[in-house]
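Okay, here we've got a single chain as structure tokens, the form predicted alone, with questions on binding and movement later.
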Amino acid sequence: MLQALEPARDPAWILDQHGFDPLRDSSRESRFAISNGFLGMRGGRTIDRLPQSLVAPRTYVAGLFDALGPDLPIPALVPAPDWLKLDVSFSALKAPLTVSDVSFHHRALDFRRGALLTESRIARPREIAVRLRVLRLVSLQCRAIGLQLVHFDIEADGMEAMLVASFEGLEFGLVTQRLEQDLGVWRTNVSGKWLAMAVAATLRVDGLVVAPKPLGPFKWSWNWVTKPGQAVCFERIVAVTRADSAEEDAGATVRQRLETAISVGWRGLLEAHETSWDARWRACDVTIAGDPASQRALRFALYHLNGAADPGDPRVSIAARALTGADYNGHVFWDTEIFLLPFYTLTWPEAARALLTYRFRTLDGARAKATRMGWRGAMYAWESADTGAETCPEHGIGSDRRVLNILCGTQELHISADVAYAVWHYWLATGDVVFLRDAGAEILLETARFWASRAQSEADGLHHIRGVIGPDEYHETIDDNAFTNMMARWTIRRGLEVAALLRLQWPERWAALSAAIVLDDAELQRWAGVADTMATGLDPRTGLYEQFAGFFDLESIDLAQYAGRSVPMDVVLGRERTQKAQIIKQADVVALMVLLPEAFADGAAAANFSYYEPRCSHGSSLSAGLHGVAAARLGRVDTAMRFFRQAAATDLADTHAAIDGGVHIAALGGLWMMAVLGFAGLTMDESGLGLDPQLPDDWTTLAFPVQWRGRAVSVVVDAAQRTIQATLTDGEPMAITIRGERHPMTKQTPLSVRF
């Protein structure tokens, strides 16, 4: 067991922390969380915990939503019972061991193995010293399974010891249906979800199994007498199942999964888990030479990105904090489609497909919202849980403690274009005919229909979209937000394109789908007219897009005068003045530059970046990633690197704002985007992949793999040799565009192109 408890030695593959700081521990629980896309565990300590009143529930199960209460109908992710608790005691001690007796604590997140390892020493002079090493993981190979291994070194002779293993939070937010010694079944109060957990725990002393004493549901004790050199090993395997209806026998399913795991044993479970992580790292690892800090930040990001998705469950998506914390009630935002799907689409298309299938499964909820709001087609929820219904709260509390109206659920409409954007780019990258034909096309058509109905024709001959919120959420109820309008126009045109494709390639599917959603040629012609006359806010003289109608007339404020502030600008200036100023919360027009670069020709990209970047206060963790990609593509590498470090600090810097609510998974996706889409200059369109690298000075090489339409491609950008190497490691021959020139590739002929 001891070998399994050793973390990686290469510092590029671990994140570690020594000592214990109560003020920062909640944030570190987020940072050191483990997850497999179904089961998430925060990285809290096992034995030497804070008092129970200060410990938040730490286990999350994807899709386990329920209403917060009778007066709060908004669904939230319900925490599951915590299955990791251990207590060790010794009869001869004058007083029980407490957190004050902890003399050493080390926590290490092993990225390569997907495991959290801790080592602690609990000592009391002249009485006892206990060293414990702990491994915990949630299996990437069998996502229903969690594993805990503990090794004790006890410096005491002839002392009677007792270990108690238990679960916490058995009654927290769930209704108990069945509670046995090693099995529990619960249901949610309102949503009709079911949760089942089963556990097997074993204690071995010098290789011999010690018989447990049952103390009640999910609670056992073991007794033994210590002696020098004694090997005390504890193992616990837990199985977890979520069922979405009473027809599914969650109890029987979880029993079967636990029995299978027991038959494999902890060594087999660990080996299979590590093999699955090896496969993920081969498919996605980004390596940087010359900048160890950036390398570790990227590995941290990739670790959490790989742990956030479950390709086997299309009923769930990835929340804004994944499964590492409870912020935003576990709801799904545009973060998934814009900041996460690029990574999954190009390195893990099975996960991307599942995430987009979630959007297809919630399409009826989007249709219902559009109808309720008086529009046609599909209007996706700004915040989504499991059904696709809008879960954005209508009110919140501002920094001045006043009740505020939250308008995002009715005005932040661009998510209906963001979903369509992710669907189309998944299709471009994978050529997944079945998904496009059977699911993606309907999403594209219904979101196009929504935008065609939402844009209104006016006397100036243009179509306008009024009363919205763009990505910059500091300004509400605005007209003609450039990002919203341009993405809406893009969505309508993709809807027309997919209609033509279905009609040509799969006429029977087109006939069935167009009949089902009542879509005819006359409506398609209207869509084309809307797209052609959409107001965009582009000033042809300057090449600038006005962020929204009237933005250029607002007060100009020099944000440099507020450098070093510790709170957002809307707190510094107040909401009213912020809304009357050219202060932007996060990338808006700059986001448009990244998503629709073809809309910025003849120097327009540089002009817009130069105008909007100084006006952005970066009040959201999403902002740095898109600014970094845009800056890198413009060749402003130092600026891009500043944003890269800013995004990395969001979850890694102890001087940054607390992250007790979970890691910022979109910011982590932004790190991958900056490295691959920004510094490496990777692009994709109908013709294939392209590369146009702009590496930071410290990065001597940048290497990464991507997948493209059933092919695996390995890329190495070598700044010292000024070469781009591209190798087709699997799949049929293809071409890749490097610095504007097309190059054919086969498995037998890897490319090496100087730049």
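From a predicted model like this one, the values you see are computed outputs, not experimental measurements. One-based numbering along the sequence shown.
There is another form of this protein, the form predicted together with beta-D-glucopyranose (BGC), and it is not shown here; the text below is about that form.
Chemist: Counting non-hydrogen atoms within 4.5 angstroms of beta-D-glucopyranose (BGC) in the predicted bound form, say which of 111, 333, 672, 643 makes the cut.
Modeler: Spelling it out, the residue with a heavy atom inside the cut-off is 333.
Chemist: Pick from 463, 321, 304, 193: which residue has any heavy atom within 4.5 angstroms of beta-D-glucopyranose (BGC) in the predicted bound form?
Modeler: Contact with beta-D-glucopyranose (BGC) in the predicted bound form is made by 321 alone.
Chemist: Partner absent here, but in the predicted bound form, which of 284-292, 355-363, 307-315, 616-624 has residues with a heavy atom within 4.5 Å of beta-D-glucopyranose (BGC)?
Modeler: Stretch with heavy atoms near the partner: 616-624.
Chemist: Mark residue 219 yes when one of its heavy atoms lies within 4.5 Å of a heavy atom of beta-D-glucopyranose (BGC) in the predicted bound form, and no otherwise.
Modeler: Looking in the predicted bound form, residue contacts with beta-D-glucopyranose (BGC) do not include residue 219, since no heavy atom lies within 4.5 Å.
Chemist: May I ask you to check whether residue 548 falls inside a 4.5 Å heavy atom distance of beta-D-glucopyranose (BGC) in the predicted bound form?
Modeler: No, no contact at 4.5 Å.
Chemist: Any of the heavy atoms of residue 347 lying within 4.5 Å of beta-D-glucopyranose (BGC) in the predicted bound form?
Modeler: Contact check for residue 347: no, nothing within 4.5 Å of beta-D-glucopyranose (BGC) in the predicted bound form.
Chemist: My question is simply whether residue 367 lines the interface with beta-D-glucopyranose (BGC) in the predicted bound form - judged by any non-hydrogen atom within 4.5 Å.
Modeler: Residue 367 lies outside the contact set for beta-D-glucopyranose (BGC).
Chemist: For the spot marked by 328, 382 and 586, is every residue within 4.5 Å of beta-D-glucopyranose (BGC) in the predicted bound form through some heavy atom?
Modeler: All three within 4.5 Å in the predicted bound form.
Chemist: Can you name the residues of 131-159 that have a non-hydrogen atom within 4.5 angstroms of beta-D-glucopyranose (BGC) in the predicted bound form?
Modeler: Counting only heavy atoms within 4.5 Å of beta-D-glucopyranose (BGC) in the predicted bound form, no residue of 131-159 makes contact.
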